[in-house]
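Presented below, as structure tokens, is a lone chain in the form predicted alone.
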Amino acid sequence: MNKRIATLGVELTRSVIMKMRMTAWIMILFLAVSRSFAANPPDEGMWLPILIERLNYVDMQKMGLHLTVEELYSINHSSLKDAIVGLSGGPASNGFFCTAEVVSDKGLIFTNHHCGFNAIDNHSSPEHDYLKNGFWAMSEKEELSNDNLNATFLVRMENVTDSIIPFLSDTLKETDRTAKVKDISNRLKKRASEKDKYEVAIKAFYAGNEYYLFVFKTYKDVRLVGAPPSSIGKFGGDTDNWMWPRHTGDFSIFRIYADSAGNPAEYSQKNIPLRPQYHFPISLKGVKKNDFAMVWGYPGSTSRYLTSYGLEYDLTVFYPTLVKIFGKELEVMKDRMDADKKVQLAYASNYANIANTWKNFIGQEKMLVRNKVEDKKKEIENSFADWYNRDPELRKKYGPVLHNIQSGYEKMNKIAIPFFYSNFAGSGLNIVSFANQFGQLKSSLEKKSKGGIEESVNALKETTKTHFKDDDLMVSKKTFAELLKLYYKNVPKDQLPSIFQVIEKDYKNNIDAFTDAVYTKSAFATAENTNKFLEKPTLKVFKKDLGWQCAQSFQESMGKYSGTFAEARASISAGNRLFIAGLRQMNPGKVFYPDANSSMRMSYGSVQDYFPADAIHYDYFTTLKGVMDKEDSTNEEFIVEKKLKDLFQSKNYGPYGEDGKMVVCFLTTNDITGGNSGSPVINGNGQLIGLAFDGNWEAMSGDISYEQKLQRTICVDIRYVLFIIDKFAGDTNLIKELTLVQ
């Protein structure tokens, strides 16, 4: 999994990305501002469950909900929220890369295939290619453990705004305000953790106008139970990604284990399947147009309150720059993956994550323009200015807001491109990020600390084993060369890091020759070179090593621009917070939902078709016939398994078919984003009807502006999931474990 991409995923895009190595400065790129002044469309909004009764319940009943508020969300009794799982590779406070749901009384959970992709990939080898062939545990003994995969349940949430905001003076600088919020939050979290029994997070809402506390229970023994072959779970590949019609069986299956008392525990053979507080019954009835649908989960990040200034910044700087860099990385990886099966397995997860992000950015860039989102933002800002200009006191308070936001983006614009290249095409390079981990060893050598040197060397030997385990030298070397060329081409010469002076002086601007020298001589280029260096580390190597010089050069470059980013962030953050406060004051009768921030949310809507363009109509469901129509045996994205074709020919669908058809996917109007991948799609009776896994191309602007007529959630029908488990895989034990409702 690409570690550079995941943090960006939580903050910036849909299900795209899971663990990106990013500095704190990048987190400001999608700072919040606002949407429309009109009433929200009925399907728009990602709502906090704690507020359902007050804000949403009546509307949900009118649309087809038949559950009580207590059945949806309760902290005293088992409720629907107790079957919602956040998936992460670290602390719950850092957010979740995907959502899952509990579907049995033995801790079985469903999520998307692309959410389980990394785990499936980690267990795959040329001898046991679970990505290609699928994996099915026919008993609990065959289930596979996974490092760094956590399953988290929400225990409760609480509005703690009144415990924080009154202690924040309007005159505080942004850095001081942030520190004060952190200090107060730490005290509140310590108390809520009940002596570390729970994980606790406090998150800002409405750009820091409100704060909520979340108490979590996290399980660390999560085992792989089942996954279809990629020809089903990833059918359509990058070509169909974000597109409708879709025919992808995007699901995988895991099980949560606990100790004998039902508490979280590290992996142990003595652990037993979790007895959950609640699990979803599964509907075999299927869906019809206009049916009520809920989605619960952990959406990562939206920017619905982005200003026109932020939008312009995204369109002119952010998207184009990242698309170029990620596109080049994909190009290099694809060439090697096509040529070598071992490389294909090693880089499958990394490639999938980057490709998802890359296409997402392309789609957002295109659809933000097509859907005229900038005009909508300017209309909001003009109305805001008209409002505060009617009152001298309001003008005094809110008059500078938009100007301050604009100034912040102008500062960022001046240095954004060299900053991004330093981060992604510089410090993100494999050899550079690896070399950066040797700073402590260098410090110990300078201090002549024998103990420090020994401790660092031992730790780095283990790091080296992990780093080079799945590393392909040709991919790393080629990526290094191509991204440096891209860097040199797109960044003004006076903003290039100092390493380019070395390339110009010693290698006559021949980046290929420089790359050859780095990967031949650097102590950080290969496992052999690194281990040799660690046997006898010296400061002389750090002084002369080209890989180390690259690492230092890119770090210096990022440091050069970090002050400007800090100033810009302060201006934008303060402006955003005041702007949203003003919008809410201006429209006291409107309910403003907060941007997604990887906290539990609920959205509600209905099953619907749509019209993507003039004279084009898309139905609300697809069938297995569409899989057969798309089959292309020469294209790995559209290969169809023989057994699946046989089942189609015989119409052997069991209880999962409908009128001689096997429904594969369907559409709803639910408002979701990244992190909702794997979320349960639930009918009005609280039964599972599908798994959310994607959005549609025509509404790729939806993270910034909800598109009522176009925005759709693409879901895999739960009956297709059961059909694959039962008829295709023959794992009838899993079917028996589920609660099926006719």
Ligand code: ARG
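Bear in mind that the values here come from a model prediction, so they are computed numbers and not experimental data. In this text, residue numbers run from 1 along the sequence as written.
Missing here is the form predicted together with arginine (ARG); even so, the following discussion is about that form.
In the predicted complex, arginine (ARG) stays beyond 4.5 Å of every heavy atom belonging to T515.
Taking the partner from the other structure, arginine (ARG) in the predicted complex has a heavy atom within 4.5 Å of a heavy atom of N241. Using a 4.5 angstroms threshold between heavy atoms, G237 counts as touching arginine (ARG) in the predicted complex. Arginine (ARG) is not drawn, but in the predicted complex it has a heavy atom within 4.5 Å of N356. No residue of the trio R304, S701 and E707 has any heavy atom within 4.5 Å of arginine (ARG) in the predicted complex. Think of it this way: in the predicted complex, arginine (ARG) has a heavy atom of just one of R223, H467, R246, K411 within 4.5 Å, and the residue is R246. With the partner omitted from this view, the residue of R255, R601, H114, K81 that lies near arginine (ARG) in the predicted complex is H114 [heavy atom within 4.5 Å]. This chain is displayed without arginine (ARG), yet in the predicted complex the stretch 692-700 from 49-57, 63-71, 692-700, 679-687 comes within 4.5 Å of it by heavy atoms.
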